[in-house]
Ligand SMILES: CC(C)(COP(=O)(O)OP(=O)(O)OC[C@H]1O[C@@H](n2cnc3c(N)ncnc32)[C@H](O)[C@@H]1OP(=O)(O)O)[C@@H](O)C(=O)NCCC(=O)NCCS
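Single chain ahead, by itself, as structure tokens, in the form predicted alone.
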Amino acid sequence: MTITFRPALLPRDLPLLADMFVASVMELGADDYGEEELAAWASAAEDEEAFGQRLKPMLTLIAFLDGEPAGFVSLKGNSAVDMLYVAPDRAGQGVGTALVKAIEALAVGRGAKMLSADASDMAKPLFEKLGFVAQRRNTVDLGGVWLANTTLTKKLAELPAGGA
């Protein structure tokens, strides 16, 4: 199994990203969230144009497992993981780990000393496994439906003098 990455190309990749987002939320989130919560969360991708506007200012990487789309991650600014979603049929195959490690390297390259993520209950164990530490629990209002998540942070290693 080979995992490769490329930057998302907007608006061309929007349908792929929106579909992966909805599938990940609905299928992988089912153990941690109720139907109403999942529907509210997934609705963020119903308006593809609005979803694209959310992604536009961020660096988004798409992961491919053996050439097939497998997940994506978005870096907001230089130091916040804003989205991390893995295709349900690729969960548990190292895609999420590879995406977080790739975005960590990019954040370090951009001078970030710390990386944060507001992780869903389904993603929190992955971030913790990768060295992120929980800071606080949050509730997010999505159209009158409240979802819980956790803010986690990780201190990043600095690049050696002279670059990477």
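When you see a residue number, it is the position in the sequence shown, counting from 1. No experiment lies behind these values; they were computed from the predicted model shown.
Heads up, the form predicted together with the ligand isn't pictured, but that's what we're talking about next.
Residues L75, V108 and S116 all lining the ligand in the predicted complex, heavy atom within 4.5 Å: Spot residues vs the ligand: no contact at all.
Contact label in the predicted complex: A80 to the ligand, heavy atom within 4.5 Å: So A80 does not count as contacting the ligand.
W41 within 4.5 Å of the ligand in the predicted complex, heavy atoms: Flag for W41 set to yes.
The ligand contact at A134 in the predicted complex, heavy atom, 4.5 Å: Although the ligand is absent here, A134 would stay clear of it in the predicted complex, with no heavy atoms inside 4.5 Å.
Distance check, T60 to the ligand in the predicted complex, heavy atom within 4.5 Å: Residue-level check for T60: no, no contact with the ligand.
Which of 42-50, 23-31, 108-116, 134-142 lines the interface with the ligand in the predicted complex (heavy atom within 4.5 Å): Correct option: 23-31.
Sequence-ordered list of residues in 57-88 near the ligand in the predicted complex, where near means a heavy atom within 4.5 Å: If the 4.5 Å heavy-atom criterion is applied to the ligand in the predicted complex, 57-88 yields L84, Y85, V86.
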